[in-house]
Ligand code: UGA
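As structure tokens, one chain now follows by itself in the form predicted alone.
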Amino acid sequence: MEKIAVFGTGYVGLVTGACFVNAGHNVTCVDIDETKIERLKKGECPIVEKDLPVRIEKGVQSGNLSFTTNASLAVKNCKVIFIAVGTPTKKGSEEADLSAVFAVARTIQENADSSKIVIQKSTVPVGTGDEVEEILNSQIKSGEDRFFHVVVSNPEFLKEGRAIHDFEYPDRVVIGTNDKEAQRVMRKIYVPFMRTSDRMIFMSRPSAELTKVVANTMLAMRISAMNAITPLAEKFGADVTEVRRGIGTDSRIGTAFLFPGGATFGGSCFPKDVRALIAIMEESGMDAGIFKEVMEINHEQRMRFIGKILNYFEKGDITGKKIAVWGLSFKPGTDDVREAASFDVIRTILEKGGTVSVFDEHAKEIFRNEFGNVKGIEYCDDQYVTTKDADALVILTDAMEFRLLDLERLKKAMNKLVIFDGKNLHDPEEMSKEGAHYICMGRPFFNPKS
């Protein structure tokens, strides 16, 4: 058993801490948010993530998972320290805000009384490990108390909604360090998750830092590439979902992250990591044009989808129209609304004079807090209640409850059965046979049967 401190109690920090405890380690999670820490001490989970509440409650009850705002004590008691704080994009810039990372590094430096292995779990630009190590070792004690801190890059590859599974059954665990003792300790920490095969990949720290942002950028590129095809498919009457199946069966390409739609990628990872890669390349005097295109296509596709909603109505006038919106988070199974398509869609509808009624099982309150308490939005606890007297329905996530529609109920509730599907969940021809005006992305439109 290893004694581990985890700085940061967001998605990554909580999942990391809870999973390490479940594997038999002793973990102290540290945060400056006193309210959140008090909730966690009671075994309450502040975020929506499958299986995480159970892990936290079990860990707290066992005594092996603790939460504190006392950073000094956590640093002194633990040899292994994970940094898992947020690194959002700076306002008005493409660069990642690393202030929280550097603040933790200074806290460790000021309170450490022995050598520490500091593991960088937060997503950071390549080269950040050098800066963290410089802070940690800026005032090395002399004589018998002399010690030196080692910084390891250990990026996360967790998908929100299944982060616990991804952590405990990883495709790979990337560990960036050339220090032999750090490699030994990291292997010991992660060995419980390597029961079926050793999936630990050791490399240099810069390589590990770069691996994380490039992995997310490549996935974002796949999504944007498919979205870039949708206007062409529409022009020639092709169905982009058929194209996706046709290319996805090629083993060199595969099926993952090839789903086009109007509700384009968002969340805390893809947009931030692509921007961070662009920023570090431009800072290094390199051409980041291909990666800029990824972000531009993502934005343009979202705007095309919003344009379809507006253009359906005569002269693009939605004044007084009520639009039902299903899905507020950037993906189902989470309450994370960061850079979600719902913001752009709902903001545009309100600006154009329409009103919205919205439903999301998990993200309703988070969205309300982020968007602001403005007029024209009705928050509903039932997805079909949103459609009462609605002039159109907009689907923005592929949540399970949106994949099978009660069309008879929708017909009775709505002024007209008009559906804008940002996730291409349904068959256009079948929907037309049911009398629906069904509009999606990159697929043929069929006039509804009366």
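One rule holds for the numbers: they count along the sequence shown, beginning at 1. These numbers were taken from a predicted model, which means no experiment stands behind them.
As for the form predicted in complex with the ligand, it is not shown, yet the points below apply to it.
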Assert contact residue (the ligand, in the model of the complex, non-hydrogen atom within 4.5 Å, options Phe305, Phe167, Phe330, Phe367) equals Phe330
Note which of Phe259, Phe313, Phe343, Tyr190 lies within 4.5 Å of the ligand in the model of the complex, where distance is taken over heavy atoms; exactly one does. Phe259
Check for me: heavy atom within 4.5 Å of the ligand in the model of the complex, for each of Ile309, Glu351 and Asp391, yes or no. no
How about Asp360: is it within 4.5 Å of the ligand in the model of the complex, going by heavy atoms? no
Is there a non-hydrogen atom of Thr87 within 4.5 angstroms of a non-hydrogen atom of the ligand in the model of the complex? no
Taking heavy atoms and a 4.5 Å cut-off, does Phe82 contact the ligand in the model of the complex? no
Under a 4.5 Å heavy atom criterion, is Arg55 part of the interface with the ligand in the model of the complex? no
Only one of 285-293, 173-181, 320-328, 265-273 has heavy atoms within 4.5 Å of the ligand in the model of the complex; I'd like to know which. 265-273
Just to make sure I understand: among 209-247, which residues lie within 4.5 Å of the ligand in the model of the complex, judging by heavy atoms? Lys212, Asn216, Leu219, Ile223
